[in-house]
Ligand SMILES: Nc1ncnc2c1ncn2[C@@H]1O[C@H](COP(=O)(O)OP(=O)(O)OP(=O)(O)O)[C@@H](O)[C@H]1O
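Okay, so here's just one chain, in structure tokens, the form predicted alone.
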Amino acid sequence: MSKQYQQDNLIGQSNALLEVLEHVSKVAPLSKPVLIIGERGTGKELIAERLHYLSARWDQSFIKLNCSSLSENLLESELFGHESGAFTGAKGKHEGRFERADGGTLFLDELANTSGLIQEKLLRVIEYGEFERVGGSKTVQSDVRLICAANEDLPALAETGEFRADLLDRLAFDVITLPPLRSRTEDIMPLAEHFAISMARQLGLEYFGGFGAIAIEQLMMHDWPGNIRELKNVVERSVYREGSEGQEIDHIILDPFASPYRPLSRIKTRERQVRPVEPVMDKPELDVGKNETTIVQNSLEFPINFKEYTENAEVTLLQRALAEGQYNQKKTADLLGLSYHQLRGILKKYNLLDKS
């Protein structure tokens, strides 16, 4: 059993967590695909590890890959491998994750970000247990238990054609949905104490002095949009800054950027440069003369590129709504009067998904 798994933080006694762990225990012994659904930071990878180590494959490889971190071509190569000369720079045969996980478990995170090509090849592996390396014709057999994770509504994506419905059917032998931390409030303090003690050890402190009343109130009242990952960072930062020499933590530092000297301006890279939207005057005046019409406005100068102007306006509105919704896409969609998937489509159009 791996050291990482032994040190996992599946800590808590809330009914929501205990139900998930019981669910995991039931499905773990089967070599069937499992989908893990949950918000970012809820511990999807830890659940995948638990599924593996409670299965008959526990002594075989547990291989993982984040599907959102690679382009389609690189992801295809990483999953299925490639032959020498398959593409520029492919100097030798490369074994993909399916080959390396043979006999064990393969965990694919951020599954919703995969392309139609990747989804088609995944479907074939699940159905037949075989695939070809990129640039190859030889069929490779692979006995892999597939566990996938997503933080999106995959059935809704399948309904709109953004995810293969047949692949979803095959993957969803069973689905484990992880509760957000805000639904596990009784687990917040046990988790916080666990992270604090661990950080005190890293700092070489003799002991952790505990949390004061104000700090506990801060921890319990915060919404935790980043879930357990955010809680871990917040607690470790607070211990590092406030808990030296075993002192009690009186204040939780929720926002590390909070400062009276924080710069208010942003510098964008050239490819992401978006011109600020100019305010539109309520009633522009028309000056008609010399067979042409000129719109007189203090804030606009014509002619303008209508498409570019309206796109910039949409991007600015999206950025403001995302900030107002604390970068929670469901909240942002509500603020804009859109459905969740309408918002996802617009964010994807403007390459803003990685900013939300």
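Here the structure is a predicted model, which is why all the values come from computation and not from measurement. Position 1 is the first residue in the sequence shown; the rest follow in order.
The same protein also has a form predicted together with this ligand, omitted here; what follows describes it.
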Point to revise | in the model of the complex, the one of R97, H82, K232, R164 near this ligand [non-hydrogen atom within 4.5 angstroms] | key: K232
Exercise for review: Name the residue from D102, E152, D109, E78 that puts a heavy atom within 4.5 Å of this ligand in the model of the complex.
Suggested key: D109
Check your understanding: Does this ligand get within 4.5 angstroms of any non-hydrogen atom of A16 in the model of the complex?
Key -> no
Check your understanding: Does E45 reach this ligand in the model of the complex, with heavy atoms at most 4.5 Å apart?
Key -> yes
Review point. Is there a heavy atom of R40 lying 4.5 Å or less from a heavy atom of this ligand in the model of the complex?
Key: yes
Practice item. Tell me, yes or no, whether I147 is in contact with this ligand in the model of the complex, where a contact means a heavy atom of each within 4.5 Å. Key: no
Practice item. Please determine, with the chain shown alone, which of 51-59, 301-309, 32-40, 326-334 has non-hydrogen atoms within 4.5 Å of this ligand in the model of the complex. Key: 32-40
